[in-house]
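Here you get one chain, nothing else, as structure tokens; it is the form predicted alone.
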């Protein structure tokens, strides 16, 4: 048995090593997970935005730069400039890039949404889009959200241009059209990890049950799906302990199917006053919510990435979306100062490293 002195020295060494991990990125590297954020390339020229991003994260994902309305201003044009900026920034700072997203039923350009295409035309157009985009970024984007938010609140396929309005030829056939999209994506880039990304399916409910059933069927049928993205736009108005347990259980059952899980769009909104300011109590509660999500991920090796939807409250969708009633949802305030949530996540990542030792 090791002497108390040796154990104390060993523990002190580990704690000192952890203490030296001053950034989220260093803590995540030590914990063996990716810590990422969604980014806006138009902000890369802002010095503080770029420096905090490069220092704190080892993975990035464009908020909009790879969506149809940016990439495809018209049917014949592919504009990769914004996406290429994200890739260049990531390569310069040794970061991984997630692609978001190849197929979504919302926010498509008018030429597509109002184009009155036939199912056959849509099928050809979508297959070409997936192939062109993925091949352009082959070897640069390591994982793609192939399909985003394809299920409704009950877990059934959501009405969309790709499914049944008019769809690509699988209307009324459940998730068969999603299978086809994954097969096309795998053919376009066999080395990329392919994810299904969904909102409000992080805990145990009808939607997460449907995701689980779909992935289980896909794996049984040989559909090339590698992972599930759990968005996790949540708030402080939850029971943290119950949420942590439910998210952990959901991650565990998905991982048991042989897929990876990424937390893909995490933010935790809090109530704010008319000036957009939250109380310290609410920010501390927010920190505990973040801590619970990270803990739920780290409890299962199948959860390999945690990503927030932005990292500074200066550029967050929450306040406008909530009409000013909620905000301050991210790790850094508008002046890029770290908040309690930042320290909670860093400490939880460091705690995981200590437990592994």
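Positions refer to the first chain, counted from 1. Given the structure is predicted, the values throughout are model-derived calculations rather than measurements.
Below: the form predicted together with a small molecule, not depicted.
Stretch-level contact analysis of 129-137, 210-218, 184-192, 101-109 against the small molecule in the model of the complex, using heavy atoms and a 4.5 Å limit, identifies 101-109. Of the residues given (148, 203, 123, 236), 148 alone sits with a heavy atom within 4.5 Å of the small molecule in the model of the complex. Just one of 250, 180, 244, 231 comes within 4.5 Å of the small molecule in the model of the complex, counting any heavy atom, and that one is 231.
Relative to the small molecule in the model of the complex, residues 49, 313 and 333 are all farther than 4.5 Å at every heavy atom. When contacts are judged by a 4.5 Å heavy atom cut-off, residue 64 counts as touching the small molecule in the model of the complex.
Taking the partner from the other structure, the small molecule in the model of the complex has no heavy atom within 4.5 Å of any heavy atom of residue 68.
Taking the partner from elsewhere, residue 44 is found to have every heavy atom lying beyond 4.5 Å of the small molecule in the model of the complex.
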